[in-house]
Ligand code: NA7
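Only one chain is shown below, in structure tokens, and it's the form predicted alone.
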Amino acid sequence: MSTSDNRSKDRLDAIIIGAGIAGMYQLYRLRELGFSVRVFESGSDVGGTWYWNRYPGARFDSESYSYGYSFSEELLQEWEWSEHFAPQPETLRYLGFVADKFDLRGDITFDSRVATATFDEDGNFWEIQTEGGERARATFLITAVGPLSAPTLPRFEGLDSFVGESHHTARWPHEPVDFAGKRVGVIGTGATGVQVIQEVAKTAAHLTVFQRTPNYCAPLGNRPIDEVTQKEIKDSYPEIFKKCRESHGAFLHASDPRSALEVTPEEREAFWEELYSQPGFGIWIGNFSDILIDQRANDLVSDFMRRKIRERVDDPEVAELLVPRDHGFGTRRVPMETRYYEVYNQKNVHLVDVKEVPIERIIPKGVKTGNAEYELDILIYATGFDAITGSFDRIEFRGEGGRTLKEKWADGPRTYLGIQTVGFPNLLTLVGPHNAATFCNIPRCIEQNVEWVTDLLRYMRDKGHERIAPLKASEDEWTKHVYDIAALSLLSKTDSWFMGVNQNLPDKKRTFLAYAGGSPAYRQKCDAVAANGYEGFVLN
């Protein structure tokens, strides 16, 4: 495409927003095609999620060797993961290693947050402008902004009044934070909160956990990778990625085809005990096939998980505060933990139920609830993200007729394949809303997204096409399919980030943002669309 005569010299073939796992891989693939590409990244280096989320305890909860890139055999053999579930510093080193190996940084502009992106209908190009005022133009605009990259703070009064040290987990400082001898407060007990609480409790003089919604947490089962296992992993990468490719969520765990209701109580209990003792997401992803679609099955597994919480917490009253009652197991994202519940057996840890007694405000010396004041030296916000669409909302995308993407998606996203949306030609959204990669072992689905987009752009170049947009009928059909599939699952009955629900965003419309049909079904649909000449799109 870069040889087209009707293009100005300063116009690129593609601009990519984001230099995380998706943006790096998309850059690699488009350079292979000989395209002119520039990546704009708000951070000072590659890594995306793993660049920003440096909080203590941050790590994989899918197996390391199922998470890394699969496209290069040489890379697979060179890199060695030290643990089955790698910590954030190691993951960031890995992504830096990939950037060095494939010389990616030369095409990335760092410390450049994209503020606006505008489609020029006459010229058929996108123009972006960064917050620093830099402008660039390209035929195609590819977003790799991440599904959980727009952190949110609670809407408490007095947020700026706290005189101690405060951090959101997703904007953690690059320098270590010392908790020893300090009074620390953590607001939030989702997946991030669980990880950080485990670490802070080890050294803090006193830790106060402010919990609004308890979650079902399951043991991670992490351990180092020894030399023998390292060799076994490297020898079995084809089988590892094949297993991921075939499983619903692209994890190493595939659901059991049986129903929880068709086995005996003894068989059911033994199976759950086995899953609970195994490392990783097996208890969630590798469970009976009906626990997320049949309320009776879900009630049974939820009771099992509640018993596990009670068994691990010494104080019955504290245990009951940690037991979820407003949702069933697995209908929200399951946090993986290492002795999380045992933290509440420590004398230096205090749990505050802020659903019962809400936080009234942040005060200079700490947190004030309806019945107490908690004096703190450090305050940590593990308060989540404006999931999936939030990172799009923070950039002003203007498509045909000057309409913004935020306006179009005000009542919920509408897409075709989670990759394009009507009214925004040549905008391609990796890991976008209604894309299988939003409910997936994300690098596995990222590779599918990137390779599909790469094949599309190669096809367009070979056919002389320079513009692609979905038909409205295709968008309508896919959006309906996404909601129909979600309606079959208990996920859609529960308030969670899958549904766009975040207590810090009370005005956001409740609607399903991910794709629950599974990675294999999604890949099959995408492949069929491509095989039929990109059916459902208009190319010209």
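When you see a residue number, it is the position in the sequence shown, counting from 1. In this text the structure is predicted, and so the values were computed from the model without any measurement.
Only in words, not in the display: the form predicted in complex with this ligand, which the text now covers.
Site annotation in the model of the complex: the residue of 138, 148, 379, 453 reaching within 4.5 Å of this ligand with a heavy atom is 148. Only one of the listed residues (457, 445, 187, 362) places a non-hydrogen atom within 4.5 angstroms of this ligand in the model of the complex, and that residue is 187.
Note on the interface: of 86 to 94, 100 to 108, 399 to 407, 192 to 200, the segment with non-hydrogen atoms within 4.5 angstroms of this ligand in the model of the complex is 192 to 200. Here the marked residues 58, 224 and 340 all miss this ligand in the model of the complex; none has a heavy atom within 4.5 angstroms. Of the heavy atoms in residue 504, some are within 4.5 Å of this ligand in the model of the complex. At least one heavy atom of residue 212 is located within 4.5 Å of this ligand in the model of the complex. Using a 4.5 angstroms threshold between heavy atoms, residue 354 counts as touching this ligand in the model of the complex. Using a 4.5 Å cutoff between non-hydrogen atoms, residue 383 counts as a contact of this ligand in the model of the complex. Residues 154, 156 are the ones in 154 to 172 with at least one heavy atom within 4.5 Å of this ligand in the model of the complex, listed in sequence order.
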